[in-house]
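In structure tokens, one chain follows: the form predicted alone.
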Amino acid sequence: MNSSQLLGVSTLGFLLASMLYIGALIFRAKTVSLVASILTLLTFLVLTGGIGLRWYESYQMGFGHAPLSNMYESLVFFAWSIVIFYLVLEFKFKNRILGAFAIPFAFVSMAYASFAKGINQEIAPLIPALQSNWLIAHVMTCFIGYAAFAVACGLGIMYLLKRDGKKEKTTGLIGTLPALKIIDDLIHKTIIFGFLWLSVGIITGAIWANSAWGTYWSWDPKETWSLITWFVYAATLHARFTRGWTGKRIAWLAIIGFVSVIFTYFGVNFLLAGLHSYGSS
């Protein structure tokens, strides 16, 4: 079995897990949610094995490098980051319903990597700009931050569904979701976690840029939008700490922030030419 087969199995696993989590939410079935959690964990282990095997295969080809160098590999690692962050969240807060709003992001990432046209899935040598020890540090820190923001977006959607007008909806299907205060606190903590990792990612990227291109900052479109995304979340945390913003406002900002993340990740690569254009392959 090769890495592509393991990653394909992971895509199917996350699809089934997403369906089970959503089914558990709709039918309020604890047993189904337990199965979903077990399937998610098993699929995560398969995905981890696939990433490790792809890394090993690159060494067998004679140009070994971490599988983080193109759009396909970054999407796979994005899914991996989302799932591990969610599993920690589930373990800590003992609430599997959160999976219905988190694991689908991992499935979409894997599905897009597997089936989208124009995404090269082949293992290839690194271009000169990527031949740096900062590759792993920069990509991993950024995508751990992105994964936290994806979960925060899911929590924001959960909050808005739970909130009925100006009141907390406590009956029916939505009534099974955690209380608004709990969701609000989770959004806040998740954004803080993601913001710290994104900050480290921007710093490591600047150091990498200096070694690759001789300048820490060049206002490349990717750099510019990364900074815009950083300011969106910085403004969100500032509003929380100084203005006391909570609830619906923060939920919307979590969603808006993730839209900025998606544009930074995809839109810049496909719509704007720059030093990071290699990431679209």
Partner chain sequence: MKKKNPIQAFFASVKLTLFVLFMLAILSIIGTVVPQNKPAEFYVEVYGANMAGLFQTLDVPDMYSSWWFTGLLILLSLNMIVCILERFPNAWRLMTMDNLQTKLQKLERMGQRRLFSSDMSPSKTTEAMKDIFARKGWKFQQKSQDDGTLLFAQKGTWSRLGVYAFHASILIIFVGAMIGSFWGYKAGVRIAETTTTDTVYEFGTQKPIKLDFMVKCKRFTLTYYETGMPKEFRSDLAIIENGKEVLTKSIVVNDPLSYKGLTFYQSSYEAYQKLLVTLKNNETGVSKEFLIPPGEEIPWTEEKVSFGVINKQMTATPGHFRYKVWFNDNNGEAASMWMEEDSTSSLQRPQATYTITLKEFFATGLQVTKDPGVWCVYFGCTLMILSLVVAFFFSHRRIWVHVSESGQGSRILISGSANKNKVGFDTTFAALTESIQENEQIEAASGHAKESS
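Since this is a predicted model, take the numbers as computed values, not measurements. Positions refer to the first chain, counted from 1.
Although it is not shown, the form predicted together with its partner chain is what the next lines describe.
**Student:** Can you work out whether its partner chain is within 4.5 angstroms of a heavy atom in all three of 126, 196 and 234 in the predicted bound form?
**Tutor:** Heavy-atom distance to its partner chain in the predicted bound form: all three under 4.5 Å.
**Student:** Tell me the stretch among 150 to 158, 100 to 108, 131 to 139, 77 to 85 that has any heavy atom within 4.5 angstroms of its partner chain in the predicted bound form.
**Tutor:** Answer to the contact question: 131 to 139.
**Student:** Considering 212, 255, 53, 66, which brings a non-hydrogen atom within 4.5 Å of its partner chain in the predicted bound form?
**Tutor:** For this set of options, the contacting one is 212.
**Student:** Looking at 119, 207, 182, 174, which has any heavy atom no more than 4.5 Å from its partner chain in the predicted bound form?
**Tutor:** It is 207.
**Student:** May I ask you to state whether residue 41 is within 4.5 Å of its partner chain in the predicted bound form, using heavy atom distances?
**Tutor:** Judged by the heavy-atom cut-off of 4.5 Å, residue 41 is well away from its partner chain in the predicted bound form.
**Student:** Answer yes if any heavy atom of residue 242 is within 4.5 Å of a heavy atom of its partner chain in the predicted bound form; otherwise answer no.
**Tutor:** Flag for residue 242 set to yes.
**Student:** Although its partner chain is absent from this view, report whether residue 48 comes within 4.5 Å of it in the predicted bound form, heavy atoms only.
**Tutor:** Residue-level check for residue 48: no, no contact with its partner chain.
**Student:** Can you check whether residue 219 is within 4.5 Å of its partner chain in the predicted bound form, heavy atom basis?
**Tutor:** Output for residue 219 is yes: heavy atoms within 4.5 Å of its partner chain.
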